[in-house]
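Form predicted on its own, single chain, as C-alpha cells, below.
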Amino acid sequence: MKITKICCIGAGYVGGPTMAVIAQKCPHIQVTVVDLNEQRIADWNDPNPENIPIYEPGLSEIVAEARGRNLFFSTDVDKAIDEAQMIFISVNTPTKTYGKGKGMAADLKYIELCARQIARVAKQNKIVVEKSTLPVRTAEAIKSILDNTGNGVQFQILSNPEFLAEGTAVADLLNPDRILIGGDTTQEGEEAINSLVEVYSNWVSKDRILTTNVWSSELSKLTANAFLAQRISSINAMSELCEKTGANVNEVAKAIGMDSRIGPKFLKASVGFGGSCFQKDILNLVYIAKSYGLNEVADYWEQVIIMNDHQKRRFSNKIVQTLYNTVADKKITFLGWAFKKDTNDTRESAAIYVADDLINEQAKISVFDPKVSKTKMLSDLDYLETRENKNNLDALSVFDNAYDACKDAHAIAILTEWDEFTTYDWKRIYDSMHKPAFIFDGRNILNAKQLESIGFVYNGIGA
C-alpha cells in the first residue's frame, strides 16, 4: 500500500516530533496529529513556532516548515482516523498506580481506548502502528480488540518503537542508529511492514531499517532502555565506592570507557537518571519477568531502579549532612529542574525527589531552569503526595535567572547539566551567598578547582 495519509493519536514528546520529521521528509504524505487535549493542540498551532509545547533543539524550525503544508494538528480524532491509511498510536503508557501490577506494570487503558476508537470509526482497511513504549504482546491485545469490535475491516498491527533521547530527539529522528519495525510474518503482515519501510526510506538508508516479528520489536525497546539504565546505575554504584576510597569516578569512567568492549557512553556519574522511559520500562520488564515466574531475572533488573533511587536519596542526605545536619529555613538553590539538558520534560527528574526530601527537612528551595515553569515544578511536587500537609507553594521559589536564584543561598545544587551553567560568573554568585558557600554538583559539569579557588566548598559525585 502506498501511504499518502498518516494519523498519529497523541501529540506528546514522541508523537509531535516524530510526525513533524515525517512530514518534513515526506511532503507527499499528509500527516495529522490528533489529541483530546485542546490546549496542547492550540500550542502546536501557535503562529509563533517557538511556543510549541515541547522544547527540542531544531524542532520549532521543522514544525514551521511543514505545518499548514502537510502537517496538521487537530482535536478531531474521528476524522483523522477515518481518512488515514496508517495510524500511529503514541499515547501515554504510565506505570499503573492501582490494582494488579501496581507500581510495575504499564497502564494500557489509553492504548485500549485508542484501539476501540479506531475499531468504531474505521470503514476501510488500516495499518495500526504501536509507537508508544509498550509491554511485550500488547499488539496481540490491540489486534483482538480491532478484530472483534470492528466493522469487518482488516487491520495490520505493527510495532515501531522509538529510540529517541530527549534533548537530541530531532537529530535522532533525522539520523537514526536504526529503525525497528515488527509485524506479522504473513503476506499481509509483510506488505504492511513494507509500507512503513517505504515511509522511512525517504530519508533513512534501508540498511538501517530492521524488520522483525512483533514480539521481538516490542521487547527490543524495553531491553535497550534497561541496558542503558543499567550502565548509569553501575557507574553510580561505583561513585559511592570512589568517595569512600579516595578514587575519582570521572577518572575511573574514562579508564574503563577506553576499553573497546565497554565504550564511554552512559558512564557519566550523576545524581541519577530520570525521564519517561528508563524507570517505566525497567519496571515493566520486572513485571513481565515476575508474571512468567522468572524471579531471579526480575530481581536483577529491579536492582537498577533500587540503585537509582538510592543515588537520589544519597545526594539529598549529603546536602543535609554537609550543612551541619540541618537545612531548616536554609535557602538551597537548584540550578535545573528538567531531567536532562535541552528538554522541558521533567518526568522522573532527580530534582523532584531531592527537592521533596529537602522540603521535608524544612528547607527553602529556590530554582532556576531555562525551560521549566513554576506551575510544572509545583505540579511535579504535588504529584508525589509524600507530605500530609503540603507546603510546596511556601517552600518553592522560582526565578527567571540564576543570579537572583542564588542570592542569599546557603548552598547550590546542580540538578540538570544545562551548558549555560558552566559559563556563569561564579565569583559574582559566591559574593552574593551565605558563607561558607557550598556547591553540590549532581552532574559533575563544573570545574572544581576553579570554584574552590573562588572560595566555594565543592562537592561532586564520586570524587
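Every value quoted in this text rests on a predicted model; they were computed, and no experiment measured them. Throughout, we count residues from 1 along the sequence that is shown.
Omitted here: the form predicted together with a small molecule. The next part is about that form.
A.B. asks: Quick one: of S90, Q156, S366, S159, which gets a non-hydrogen atom within 4.5 angstroms of the small molecule in the predicted complex?
C.D. replies: Answer to the contact question: S90.
A.B. asks: Considering the small molecule in the predicted complex, which of W301, Y110, Y200, F72 comes within 4.5 Å of it through any heavy atom?
C.D. replies: Of the listed residues, the single hit is Y110.
A.B. asks: Look up in the predicted complex whether A42 has a non-hydrogen atom within 4.5 angstroms of the small molecule, and give yes or no.
C.D. replies: Looking in the predicted complex, residue contacts with the small molecule do not include A42, since no heavy atom lies within 4.5 Å.
A.B. asks: Taking the shortest heavy atom distance, is N250 within 4.5 Å of the small molecule in the predicted complex?
C.D. replies: Heavy-atom contact with the small molecule at 4.5 Å: absent for N250.
A.B. asks: With a cut-off of 4.5 Å between heavy atoms, is K318 one of the residues that contacts the small molecule in the predicted complex?
C.D. replies: Flag for K318 set to no.
A.B. asks: If we define contact as a non-hydrogen atom of the residue within 4.5 angstroms of the partner, is S132 a contact of the small molecule in the predicted complex?
C.D. replies: Within the cut-off, so yes.
A.B. asks: Quick one: find which of 29-37, 60-68, 400-408, 424-432 has residues within 4.5 Å of the small molecule in the predicted complex by heavy atom distance.
C.D. replies: Result of the contact check: 29-37.
A.B. asks: Hey, with the small molecule in the predicted complex, do L164, S276 and K280 all fall inside the 4.5 Å heavy atom range?
C.D. replies: Spot residues vs the small molecule: full contact, yes.
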